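Below you will find one chain, with nothing else, as C-alpha cells; this is the form predicted on its own, and questions on how it binds or moves follow later.
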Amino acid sequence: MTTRIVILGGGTGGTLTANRLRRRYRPDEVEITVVDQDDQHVYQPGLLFVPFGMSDPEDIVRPRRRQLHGGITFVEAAVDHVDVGANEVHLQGAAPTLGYDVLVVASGARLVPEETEGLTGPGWMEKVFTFYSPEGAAALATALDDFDGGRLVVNVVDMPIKCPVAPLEFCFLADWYFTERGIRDRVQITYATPLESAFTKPIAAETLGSMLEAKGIELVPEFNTGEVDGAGGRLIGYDEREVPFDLAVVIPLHGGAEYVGRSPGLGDELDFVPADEHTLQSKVAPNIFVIGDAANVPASKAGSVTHFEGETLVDNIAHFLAGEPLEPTFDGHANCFIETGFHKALLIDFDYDTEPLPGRFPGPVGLPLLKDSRLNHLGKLLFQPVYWHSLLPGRDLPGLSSTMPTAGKRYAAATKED
C-alpha cells in the first residue's frame, strides 16, 4: 500500500522536504502532496536588498510548482484545518479533503501587523513600512529614494521573527546607502529592539553592538513597542518611552499559519507547532513532523536552519515509516551572513549550545567568522543560485552537514553557554 505524505507549505522547508523524499522513495512507495495557498515562492533573503535597489521583486519570486521534482503533486489551496485524530487535512473551497499517513507542517511564519496598535493605521506604507514582504520592500524602495534626511528608525516589535539578523543588516545597508548618496550626515539611524543588546548571543552581540556604534547607529535596547503613531511619527513603548521618527521600518509581530489555530491541539498560543527540538517530531501526534519557521523549537527562524533541519527530518520520517526509533540529530545549527555595507558581510555559525565564535567556516581553511569581509559578502550573493539549484532540489552541499562543524572555530575565545 502506498504511503501518503502531505506537506503543508511550499516554501523552503516544504519544497526541500518533498524533493528529498522523492529522491529517497519511488512513486509507487510514497505519494507526496504539497499544499500551499499560492504559487509564488519568494527567496526571502533577497527582500533585504530590494529597498536599496540591489534587487528587484521579480528576481526573487518563482512559481512553487516549478521547484518540485516530477512525481510530486502540488495543490494550490488554503488549509482550513487539520483533524489530527482523523489524519485529515481539510482545505478551503471546493478542494478535496486530504488523508495522510505522515503530515509535515512547513507553513512558515506570517506577519501579523494588525496585532500592534496603530501599525497599519495612518502612515502605513507612507512613512511606516516593512521590508518583510515583496510589496512592503518595493514600497520602501520608493520611500528611501525620496528620503532626504531626518530620523530613520528600524524597529523589531517582538521576537520571534524570521531571519533575526535582517533588521541589523538593514541598519548597516542604510548607513552605506545614505553615505553613497552623500547625505549620511543628515540621517539619524536608530535601531530599537526588544532584546537587551544587539543580538541574542553575547559574543556576537558585542561584535554587532560595536559595529552599530562605529557606524553612528543608535541602539535602543529593551524597547517593547506597544503603539505606532504614524501621524505623529512616534513609536511608543509599553513603558511609555517614545522613539520619534520621520521614516520607520518596522518588523511586525510574527505568528504561525492561521489554520494551526483552527486545528485543536496542533499549535501553541502563537500558532507555531511544538516539536521535539532534536527529532522534529511534533508533540501532538507521532505521525506529524515540523520544519522551518512553523516549528516551536529554540532555533533561529532562518533559512539556514530549515536547510539543516531537512536532513534530520527526512531521515526521521524514514525511521518512522520503518518502525524504527527516531534519531535526535538536529543540534540547532544556524549559519547567517550579515551584510555590513560597503561590499562586506560578517558570518556567524552556532547551534543550541554553542554561540557564534571567531575562526573559519566550515573548517580551518574557509570563510572568516565574526569578521566582516568582501569574501563573506560574495558568499551572501552567491547563496541565491545555490538556493534555487541545490538547496531546494534537496541536494547535499559539499562540506556542509546538518551538524554544526567544530573545526576552524576558536573555542578559547568563548565557552559553552550554561
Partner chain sequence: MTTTTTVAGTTVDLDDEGFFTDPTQWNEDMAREMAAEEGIELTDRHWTVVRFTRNEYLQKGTGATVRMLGKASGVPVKELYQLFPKAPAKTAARIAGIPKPRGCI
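Keep in mind it's a predicted model, so treat the numbers as computed, not measured. Positions refer to the first chain, counted from 1.
Another form, the form predicted together with its partner chain, is not on view; read the next lines as being about it.
Participant: Can you check 130-138, 153-161, 313-321, 338-346 and let me know which stretch has heavy atoms within 4.5 Å of its partner chain in the model of the complex?
Facilitator: After filtering at 4.5 Å, what remains is 153-161.
Participant: Give a yes or no for P286: in the model of the complex, does one of its heavy atoms lie within 4.5 Å of a heavy atom belonging to its partner chain?
Facilitator: Residue-level check for P286: no, no contact with its partner chain.
Participant: May I ask you to state whether S300 is within 4.5 Å of its partner chain in the model of the complex, using heavy atom distances?
Facilitator: Output for S300 is yes: heavy atoms within 4.5 Å of its partner chain.
Participant: If we define contact as a non-hydrogen atom of the residue within 4.5 angstroms of the partner, is T179 a contact of its partner chain in the model of the complex?
Facilitator: Result no; T179 lies far from its partner chain in the model of the complex.
Participant: Hey, in the model of the complex, is L253 touching its partner chain, heavy atoms inside 4.5 Å?
Facilitator: Contact with its partner chain, yes.
Participant: Of I183, V84, A78, L270, which one comes within 4.5 Å of its partner chain in the model of the complex, counting heavy atoms only?
Facilitator: Contact check passes for L270.
Participant: Which residue, D101, E218, E242, E277, has a heavy atom that falls within 4.5 Å of its partner chain in the model of the complex?
Facilitator: Exactly one residue meets the criterion: E277.
Participant: Let me know which residues along 51-66 have a heavy atom within 4.5 Å of its partner chain in the model of the complex, or say none if there are none.
Facilitator: If the 4.5 Å heavy-atom criterion is applied to its partner chain in the model of the complex, 51-66 yields nothing.
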